[in-house]
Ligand SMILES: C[S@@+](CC[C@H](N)C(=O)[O-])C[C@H]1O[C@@H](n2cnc3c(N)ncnc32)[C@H](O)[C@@H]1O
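Below, in structure tokens: the form predicted on its own, a single chain.
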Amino acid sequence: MNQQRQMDLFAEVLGAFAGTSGTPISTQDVYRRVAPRVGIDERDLNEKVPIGKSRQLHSPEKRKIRWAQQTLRQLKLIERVDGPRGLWRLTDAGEKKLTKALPDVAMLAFSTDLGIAIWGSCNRVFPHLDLPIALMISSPPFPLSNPRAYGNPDVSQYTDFICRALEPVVANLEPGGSIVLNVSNDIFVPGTPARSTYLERMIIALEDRLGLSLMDRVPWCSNKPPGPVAWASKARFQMNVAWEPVLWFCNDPLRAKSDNRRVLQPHSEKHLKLLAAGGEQRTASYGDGAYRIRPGSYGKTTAGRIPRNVITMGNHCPDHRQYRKDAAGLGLPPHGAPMPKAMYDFWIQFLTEPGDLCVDIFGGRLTLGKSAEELGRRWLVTEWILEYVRAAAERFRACGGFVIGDGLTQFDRVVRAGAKTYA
């Protein structure tokens, strides 16, 4: 059975339960509701042919529908109800659960002239990619003790989880290509106010296993809510956390594609006055002569100042406000852990050139794609939660060559039918 037909059957079998409000329906009802929606006429539905070694007569079309039904049962989206003829109903998960791609599913969600968004696991897509990658930026799921809706590994699994996810990306990194990870330093040894050293173990593993070099640890100071509540606000052991680490790795440091001239920042008012005066007018020495100031120092006119390796940037941005508005308009849950678009803008400009390929393996709101699109870079993003991809697609409609793919087309069909999700 081809993938498109599978998606049709998944969608329509769940669509058969639309509007039932938990009331059970029989397998025969599922047949009657699904068949006309996928183009099976009554004659073909009921036609029986010899199947298997026993050569017993069965309907191939009904078997396909039952196969989709049993798969949805394994995913705990529908369940069997005791009854004389085999009754089925939506589970609570079927009504409320986010739609995660099956391990072997990777479908085009949408595309533009510059990029592709894929609904599916990065582990399904990137091992088969044969394109040079200049940059990967991603905010992987954090190893939280209370998982987010999309799920996450725990601390004991985290290093292996990240190494497995990055391995096919690293294999395709062009010489001097970079990987940028936004991770959490708000993880604690269970039951104590001591911070976990999981990040240090992950950094060493990325060097030892994948040959990546750590170029920098960049604190991202944001307007995140104060915390950790348990250890700062309640037990009073800790200070409130005001930053998250952004880790920059490269596969070949001496060939890194970074160029800080692409991300120069405006001079401060103080420096502008110094430039107008022709630079320093004094002579001074600091640090036992290691740092000297001479007349004329800092007087050369430049295009801007080199950014420091501390980023101060809020979490909120107009792009994310639009994303939340689009998600609400579609009746979909928004991804709850965004990185601002300005963060992607900075790293893409710093580490790549126009036309380079940028990727994100944990796409979330697909902000990397939007940033790359506007900066003239090619892009590829994977995200395994379909609701997140569907909401994100709206922000790309004005981009050149925008086309909705099979994954979102099928999703929209089910939404219109009234079902909440499909596998």
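This is a predicted model, so every value here is computed, not measured. Residue positions are given as counts along the sequence shown, with the first one as 1.
Although not depicted, the form predicted in complex with this ligand is the subject of the following passage.
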Checking A68, V34, I385, A393 against this ligand in the predicted complex, the residue with a non-hydrogen atom inside 4.5 angstroms turns out to be I385
Among G120, G115, P143, G177, just one has a heavy atom within 4.5 Å of this ligand in the predicted complex, namely G120
For this ligand in the predicted complex, the stretch among 369-377, 354-362, 47-55, 26-34 with residues bearing a heavy atom within 4.5 Å is 354-362
Should L275 be counted as a contact of this ligand in the predicted complex, where contact means heavy atoms within 4.5 Å? no
Q.
Is L330 near this ligand? Define near as a heavy atom within 4.5 Å, in the predicted complex.
A. no
### Query
With the cut-off set at 4.5 Å between non-hydrogen atoms, does A337 touch this ligand in the predicted complex?
yes
Problem set entry | 4.5 Å heavy atom contact, W248 and this ligand in the predicted complex | no
